[in-house]
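Have a look below at one chain only, the form predicted on its own, in structure tokens format.
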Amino acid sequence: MRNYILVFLLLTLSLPAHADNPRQLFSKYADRLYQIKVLEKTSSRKSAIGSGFVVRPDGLMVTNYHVISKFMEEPDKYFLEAVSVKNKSKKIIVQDIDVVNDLALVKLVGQAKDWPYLKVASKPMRKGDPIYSMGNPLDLGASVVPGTYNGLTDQSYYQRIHMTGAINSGMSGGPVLNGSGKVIGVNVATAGNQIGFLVVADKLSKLLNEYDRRGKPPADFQLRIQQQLIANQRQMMRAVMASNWKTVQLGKASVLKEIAPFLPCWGDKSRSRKKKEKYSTVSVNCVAKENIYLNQWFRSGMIEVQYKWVNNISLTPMQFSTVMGTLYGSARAGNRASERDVTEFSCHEGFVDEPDERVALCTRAYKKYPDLYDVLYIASTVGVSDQGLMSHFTLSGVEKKTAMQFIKRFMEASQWN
């Protein structure tokens, strides 16, 4: 019996200190957690809040880019503070950013000392493992939320960890820990209903390594963002153009079924609610699940493709032409952008044969990021009275050369049979 007890004790001592109890974990690591505040200079009032955590003994911290985006857009109007769990405020300064993965590095300003910090995990997680999200939900104070690791999101270009757990507003930028207190991800978004999303720890490690190699903040953050956007769209569009574009029959047309795994397609059929239907539509929509947050009015880094096949039931040729014209005129860019960020669309319209199509190609330039554009393509059949096709796509944040390559291939793939 004595030998069994000895073996049991040795096994117990060899196991890692697992913080299955959220209270124990919070007690041990809460001093690494901070609330991040974006404050308006004139009133010193909060304009945005989030969370952050220390990752280096020199006071280097991690948060989400979207948490500090107001400051990054208008540094003359705002300043940044970090508030500890003991309600002590410290000024922070931005050290680096990764807009593609919604990450930012900031640094505590004050007397130099060894700040308590969190380490990034090196071992992979398994589905079903318990994880613990920390942050400042709804400005209610520091909290810990137990959850479950559910792997990386499927059909996603911008990889995220799927967590079952209640991530709420204000927790963005907070750490998510494994049972040993190591960072496995960063809070970034929620879909409600206990579905949360985290930035993968590997993306954080990459940003930290880039920062270490440079040894100082970028000289120009706007240029840093531009470089990241260009590198990202080139990589994404290479993957899109290299993939096997599958097509499917839609009415009398051949249309895209799938461009790439990260652009899932959905179908829908709609009919008039009136007793006597005048026309029906069948839609195919392909859109990326995520995009790049630049500010609250501006998103980039996404692709959207849409088709609508329209069957005439009882409309006159003139009425059917009006329906097709309305669909053509209602197509809009799939990403959000404001006049402060992009120019007005410049459009070129024309007609192509077999079948006769009215086509518009529109571009708008990014004001802060040269050589990047949103591209909107719209095409609608004309002169056909019984059925027709409306096709549309949006490319956001791409270079013109890449856009033209996509347009050529899109038009070749979308054919009237």
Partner chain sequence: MELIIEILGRGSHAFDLQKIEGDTIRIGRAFDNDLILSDPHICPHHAVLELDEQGGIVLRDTGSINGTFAKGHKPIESEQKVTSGDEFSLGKSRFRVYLPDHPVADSIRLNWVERLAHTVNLPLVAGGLSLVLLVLHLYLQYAGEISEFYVGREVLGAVGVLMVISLWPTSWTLFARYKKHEARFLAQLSATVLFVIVFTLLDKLKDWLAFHNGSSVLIDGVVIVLSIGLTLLLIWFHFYLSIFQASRKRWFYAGGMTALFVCIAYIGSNLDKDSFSSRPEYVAKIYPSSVSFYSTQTTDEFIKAAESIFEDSKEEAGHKDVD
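Positions refer to the first chain, counted from 1. Predicted, not measured: the structure shown is a model, and the values here were computed from it.
We do not show the form predicted in complex with the partner chain, though everything after this point is about it.
A.B. asks: May I ask you to state whether residue 339 is within 4.5 Å of the partner chain in the model of the complex, using heavy atom distances?
C.D. replies: Residue 339 belongs to the contact set for the partner chain.
A.B. asks: Decide whether residue 366 counts as a contact residue for the partner chain in the model of the complex under a heavy atom distance cut-off of 4.5 Å.
C.D. replies: Yes, contact at 4.5 Å.
A.B. asks: Determine whether any heavy atom of residue 29 comes within 4.5 Å of a heavy atom of the partner chain in the model of the complex, and answer yes or no.
C.D. replies: No, residue 29 stays farther than 4.5 Å from the partner chain in the model of the complex.
A.B. asks: Applying a 4.5 Å heavy atom distance criterion, does residue 78 contact the partner chain in the model of the complex?
C.D. replies: No.
A.B. asks: Verify the flagged residues 125, 128 and 180 against the partner chain in the model of the complex: is each one within 4.5 Å by a non-hydrogen atom?
C.D. replies: So, no: the whole triplet misses the partner chain.
A.B. asks: Just one of 356-364, 44-52, 30-38, 64-72 has residues with a heavy atom within 4.5 Å of the partner chain in the model of the complex, so point it out.
C.D. replies: Going by heavy atoms within 4.5 Å, the stretch is 356-364.
A.B. asks: Sort through 324, 199, 97, 305 and report the residue having a heavy atom within 4.5 Å of the partner chain in the model of the complex.
C.D. replies: Residue within 4.5 Å of the partner: 324.
A.B. asks: State the residue from 155, 111, 316, 244 whose non-hydrogen atoms include one within 4.5 Å of the partner chain in the model of the complex.
C.D. replies: Contact check passes for 316.
A.B. asks: Judged by heavy atom distances of 4.5 Å or less, which residues of 336-353 approach the partner chain in the model of the complex?
C.D. replies: Residues within 4.5 Å: 337, 338, 339, 342, 343, 344, 345, 346, 347, 348, 349, 350, 351, 352, 353.
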